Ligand code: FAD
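Starting off, we have a lone chain in the form predicted alone, written out as C-alpha cells.
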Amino acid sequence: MKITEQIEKAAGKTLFSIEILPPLKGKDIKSIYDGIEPLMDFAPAYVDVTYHREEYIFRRNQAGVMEKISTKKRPGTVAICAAIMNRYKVEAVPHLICGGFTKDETENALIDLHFLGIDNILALRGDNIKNEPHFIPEPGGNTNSLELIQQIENMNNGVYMDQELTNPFPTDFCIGVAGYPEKHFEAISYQNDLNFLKRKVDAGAKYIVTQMFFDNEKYFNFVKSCREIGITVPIIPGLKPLTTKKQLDILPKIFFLTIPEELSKNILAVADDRAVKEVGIEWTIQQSKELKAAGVPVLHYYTMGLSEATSRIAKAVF
C-alpha cells in the first residue's frame, strides 16, 4: 500500500515508522531481524531501508598496475526489502539514489522493485564519495534527485529509456523525497532549498520525510514555509534520540543541524553515555508527544539498526 494511502486511511491518527541500515558485508539477514523484531509490536506502517553507494580505492597489484577495487561495505536494498515484506507483511521503502547508477541501471532497479510489489520509493541524490569535493554523477546517470523523480514518474506514465518498446507497462510508485528543516547544506539559501523542494513535488513527489531535528519549532516553521509556497503533500518528521556525548559534535558536522542549548546542557551534565541515552530518549519522547498532539501524519524514527531506544520511545508515545 502506498504511504499516502496509509496516511489517508489513518484518518488523522499518527502512524509509526522506522528506518534501518543494511547490514555490513559478511553479516546475514538475522542482524536486520534483530533490529526490527522488537519494534513490530508497535505496528510500523512501513520500514525504510537505506542505500549506501559503492565506493572504490586504487590498489597496486602484483604486476605493479593500479587496479580499481570496490570497497562497498553494505549490500543493496532490493533483497532486504523483499525479506522484510515476506517475514513481517509490512511495507518496505527502498532508498534509490543517483550516485553510482546510470539511468539504465536505475530503470532496471525500478523494474525489479515493481515486480516485487514494492509501492513506495524514497528518491535521493545520495552523498558524495569520500574525498570528492562535490557530488559527481555517474556518466549517463541522474545528476540530482529532481531528475531521478522525473525518471520514476516517466515510468509511472509508461515512458521507458527504450522508446521503441511495444506497450510498456506503467509502474505506480509513490515517490517520497527528503526535506531539510534547517536547509540542505549545499543550498544557496533556505528559500532556494524550499523552491527546489517545490520543484520535486511538482515533478511527482507525493510525500516528504525530513532530516532529523531536535527542536520541534524547526519542523513547524518548515511546514509553514512549505505550505506558503504551495507544497501540500504530507510532511513526515524524522527523529533520532541522542545516545552518546560524541554525537553532540558528530551529528551537526555530518548533517548540518543544530542541537538545542537545553539538550546539549543536559547531556554535558551527565557522567557517561548510559546517562546520555536516558536524556536522549526522554527528549525524543517529549518531541514525539508534541508532534503527535499537533497531528503529524507519521513519526519516523532513524533507528540505525538498533531497537532499544526507539522501542522505549514508541511505548511511551503510541
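All residue numbers are counted from 1 along the displayed sequence. Quick caveat, the model's predicted, so the values are computed rather than measured.
Below: the form predicted in complex with the ligand, not depicted.
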The ligand contact at Q151 in the predicted complex, heavy atom, 4.5 Å: no
Heavy atom of G141 within 4.5 Å of the ligand in the predicted complex: no
The ligand contact at F220 in the predicted complex, heavy atom, 4.5 Å: no
4.5 Å heavy atom contact, S145 to the ligand in the predicted complex: yes
Heavy atom distance at most 4.5 Å to the ligand in the predicted complex, all of L15, K224 and E290: no
Listed range touching the ligand, judged in the predicted complex by heavy atoms within 4.5 Å, from 79 to 87, 119 to 127, 242 to 250, 162 to 170: 119 to 127
Listed residue (N108, T232, N192, N157) with a non-hydrogen atom within 4.5 angstroms of the ligand in the predicted complex: N192
Contact residue in the predicted complex, from D202, E228, D104, E186 (heavy atom within 4.5 Å of the ligand): E186
Residues in 207 to 240 with any heavy atom within 4.5 Å of the ligand in the predicted complex: V209, T210, Q211
